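Read on for two forms of one protein chain; each stands alone as structure tokens, with the labels structure 1 and structure 2.
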Structure 1
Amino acid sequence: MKRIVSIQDFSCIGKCSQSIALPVLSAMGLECAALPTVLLSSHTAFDGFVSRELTDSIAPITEHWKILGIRFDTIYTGYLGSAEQIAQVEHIIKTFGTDDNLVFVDPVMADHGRLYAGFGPDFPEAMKTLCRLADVITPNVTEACLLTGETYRERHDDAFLRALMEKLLALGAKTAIVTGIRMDETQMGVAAMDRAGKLSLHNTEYIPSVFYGTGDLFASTCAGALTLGLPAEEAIALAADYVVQTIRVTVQDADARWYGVDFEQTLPYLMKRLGK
């Protein structure tokens, strides 16, 4: 069985980060090791959330793993609490990185044109250094603009997309994948570009709604699919289709929660798509 380490916060309420990565990656047939970076009472979209950075715990945990000789097929990073934690994760990548494992960086920090509560304007600059070490990065449009200096906008065209993807690749990652691309009214897409300059766009139905955690759902599924050995285009299509299927189910739920999606209901869809 392949092993992936998920490095991101644990939000007690909110269905994001580790509470998405663990069940999704397990359902995909992967062993998921979890390194929590921050412990939060809820994710940061709730008023009054309480947050405890676990910065002092990260080095002792990973030093123990090193002594045990643990190896990871994929190192997957998401929400990190500070520039100091980014530096720690860079050290983890250098320590556990090999020629054949995958470094998957989701530069979680912003959405809808704004940084998440708790991040200062310097944070994107620190995140750029982490992207440099990645094989794959998966920003949403807001994060991609913060990483490249492009101006954020809600509607996109070919020229914007190509410029954005080229600038992202110039940060140093081998493949850039950007979620939340809106080329027209009815669709939402995921764009990808690799070092060969090939640009692809996987469009799905656009369902007008705002739910937290969909970026984490996309990243966990995509990281899992790549770890299983799916080609990038198939991994992207699977992850994008799973997210849209989950949103479809969530909007039909009279009891839907604004803070997260009903991904628990659609795990069978994901497993079926994988032939499990």
Structure 2
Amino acid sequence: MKRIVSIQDFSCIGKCSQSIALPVLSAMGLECAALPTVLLSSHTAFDGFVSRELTDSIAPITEHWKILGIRFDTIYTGYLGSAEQIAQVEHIIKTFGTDDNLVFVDPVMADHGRLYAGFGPDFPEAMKTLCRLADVITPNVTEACLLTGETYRERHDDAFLRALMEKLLALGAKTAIVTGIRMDETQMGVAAMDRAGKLSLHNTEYIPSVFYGTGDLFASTCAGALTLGLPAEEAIALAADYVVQTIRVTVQDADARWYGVDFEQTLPYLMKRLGK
């Protein structure tokens, strides 16, 4: 069985980050190790949430793994709470990275044209250093613009997309995947491009609803698919279709706007697509 380590925050209530990665990757037939970077009583949409950074725990945990001789087929990073945590993850990649494993970086830091609360203007520069160590990076359009210096826009064309992808690849990754592409009013797109210049675009139905955890669901599914050996164009199609199918189900749940996408109900769809 292939092993993937998920390095990101954990919310005790609310479906996002580790609480999506662990069940989804396990359902895909992967052993998922979890390294939480921040512990939250709930995700940040709930008032009064309690947050505890686990920065001081990361090095002892990974040192123990090193002593045990643990190896990973994929190192998958999501939300990191500080530049110090980014530096620690860089050390993890250099320690556990091999010529054969995959480094998958989701540079979680922004959406809808602006940085998330708590991140200063220097955070994207710190995230660039992590992206340079990645095989695959998966920013949304906002994050991609912050990483490349492109001006954020809400509608996109072929010229903008290709320029954005080329600048992302110049950071050092072998493959860039960008989510949240809007070519028109009815579709949402995901694009992948490798260093050879091969560009793949997969469009899905645009559903005008916003739920917590959709980005984490896409990244976890995509990372799992790549770990299983699917090519990038198939991995982005699987992940994007699964997210849309989950949104279709979630819009029927009145509490979902708080708790996040109802991916539990659509895991059978994912298993069927994988032939499991």
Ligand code: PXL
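Under this definition, the rigid core comprises the largest set of C-alpha atoms superposing within 1.5 Å between the forms. Numbers follow structure 1, counted from its first residue as 1. This structure is a prediction, so every number in the text was calculated from the model and none was measured.
Between the two isolated copies of the chain, the second is the form predicted alone. The Cα position of Phe10 differs by less than 2 Å between structures 1 and 2 after fitting on the rigid core. Taking 2 Å as the criterion, Leu267 does not count as shifted between structures 1 and 2: its C-alpha moves by less than this amount when the rigid core is aligned. On a core-based overlay, Asp255 has a Cα shift of 4.1 Å between structures 1 and 2.
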